Structure formats: C-alpha cells, structure tokens
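Just the one chain here, the form predicted alone, laid out as structure tokens.
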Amino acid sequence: MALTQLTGAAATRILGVASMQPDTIVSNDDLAKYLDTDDQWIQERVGIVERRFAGPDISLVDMAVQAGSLALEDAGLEPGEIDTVIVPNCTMPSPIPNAAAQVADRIGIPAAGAFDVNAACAGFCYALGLASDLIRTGSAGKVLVIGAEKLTDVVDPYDRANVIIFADGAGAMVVGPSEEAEIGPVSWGSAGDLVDTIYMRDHRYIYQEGQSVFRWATTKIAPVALRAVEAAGLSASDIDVLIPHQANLRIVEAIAKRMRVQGAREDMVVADDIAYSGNTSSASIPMALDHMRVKGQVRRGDVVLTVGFGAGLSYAGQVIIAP
C-alpha cells in the first residue's frame, strides 16, 4: 500500500538566499595592536584580510532572524508559507532552548517544526540535505535553513592561532518543491578517530591542531566533493562554481587544485569569501553564495558544488543549482 505524501514533491530547489554580517570590521592591523602578529603573517597563512565581529548585544539568534527574514524576502514568500526551520550551528550558548524555535517565533512562522543541527562547519550541507529530503518525502512543504554562528563567544581573544580565523555571521536559504531536481544528494561522513584535533577546551574555547586539520582537509575533502558530483549524476567538468566551507584560503585553493586535476575546468569559479568574512563555520557556504550572487560571480542556473568540513571532523558535499 502506497502512503500519501503531503506535497507529492519528487524534487527540490532553492527559492531564496540571503546573509548578514555584523557591522564591526576587524582588520589584521587591528589584531596586531594587541597580538604578536601582522597583516602579512595572517594573509600568508590563512588568506584573511578582515573579518566581522558581533558585539555583546547581538546574539546568534539575532543574526539568524535577520538572515532568515532576508531569505524569505528574496524568495518572495511570507513567513506563514514556511512550515519548518532548521538552524545549523555549533555556538549556541546553551543547547536548550534551541535556536530554530526562537528564530521561527521571531520571524513570525507559526507552529513551525524547528530544530538545530550541529555538524559544525559541515552543518549547512547536512541541514540543506535534510531540508530537501523532508520536502521530497512529504514531511515538509517549504523549509528555511539558516547557518548562524557567533564564534567570537568561543574563541580566546588572545589565542593568536584562532582569533585571526574565526568570525560571526549568518546565511540562509529557503528550500521548496520543484519539478526538476536542483538540489543533489548529500555525500557525507565523519572521522571520529580525529576528534581530538578540534574541540572545545575546558568547555569554553576552541582548540585545534592547525597542521593536522590542514593535512586532513587538503587530502580528504576533494574526494568527498567528487563523490557528491558523481551522486548528482555529473562529472567534475560540469561544475561552474566551487564553494568549499571557508576555513582557510590555502585549504580552499588546495581543494580547487585537486578538483581540476580530476577534470574540473580551469574557469571554474572558486569562492574566496574568507578573505573579507573570516571563517563563519556553518554560515560560510550560504554567506559565500549570497555574496557571490551580488558580485555577479554566480548566476541563476550555475552548477554549484558545496563542501563542508570541520569540528568533530564531519564532512559533506552536495551539488546545487544556483537560484
């Protein structure tokens, strides 16, 4: 006996995209005023010129509400047309209450299904895949996915290795049914044997073994991306835009290089949003896509490969069609 689906949708697409960043810009020179570092040292190692920090009066939920509201506006939808909200993040001050229910209420989405996803820097890929599957199986009609992080809450401001990297912000996508598939399957996994390379030290500040994480990301993530391409029924040469999680510009460039060795085009556009946004963990992929659309680097219909990786060493890759 076949079961009835709520929507009958067999495919999904992205209906809207938006992002927000706090107003406070922190340059490398600003950090050098109180840390043993300088602009050249930072740019050579992580490729970052400046990043955005949220003040004490701005919360993760505040940023998620703003990005989510803008994504609804971009999609041309009213809050009442959304029935599910997913907020991937790893920096909520407390696991209870979750961010998603608070965000849904403040945006004006009534009685939404609402939950957080914590796969850290891979979180947005995980959440977007969940949103797509919820719609395809009839459990949801339209889903608002918001990656939001306030990493300045969990980074020691005097830790030179980390404060130069991490930043705050939010990025959102609205997902809905489609006649043709524009969101591919998720290729995901984890490396639980390496969890000691990135974790919360004393349950307060992020600790990471930078070189170990760098070696892992530059050797293991390109194959994940290629599996996602294959799962979508495509080849590397079909990819117009590559948006890896914006962890470190050297990592991003290494992944792009390996993709090109495997057949990706030389003119494939590669996101470098980290240079002026920093590493915003689960917010970095939707934020980069939004910024690239504004700049004209991504156009409607472009084939975009996203790949996330990070704390807990969860990873995921997914192909989407740019809205």
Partner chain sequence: MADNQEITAGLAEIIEEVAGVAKDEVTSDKSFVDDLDIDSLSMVEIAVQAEDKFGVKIPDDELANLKTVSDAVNYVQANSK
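Keep in mind that this is a model prediction, so the values were computed, not measured. Numbering follows the first chain given and starts at 1.
The discussion below concerns the form predicted in complex with the partner chain, not included here.
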In the predicted complex, is there a heavy atom of the partner chain that lies within 4.5 Å of any heavy atom of Arg136, even though the partner is absent here? no
Ser237: heavy atom within 4.5 Å of the partner chain in the predicted complex? no
Even though the partner isn't displayed, in the predicted complex is Arg250 close enough to the partner chain, meaning a heavy atom within 4.5 Å? yes
Is there a non-hydrogen atom of Lys295 within 4.5 angstroms of a non-hydrogen atom of the partner chain in the predicted complex? no
Do all of Lys142, Ser178 and Arg300 end up near the partner chain in the predicted complex, with near meaning a heavy atom within 4.5 Å? no
Heavy atom within 4.5 Å of the partner chain in the predicted complex, from candidates Arg260, Arg45, His291, Arg52, belongs to Arg45
Per-stretch contact check against the partner chain in the predicted complex, the hit in 207-215, 89-97, 181-189, 122-130 (non-hydrogen atom, 4.5 angstroms): 207-215
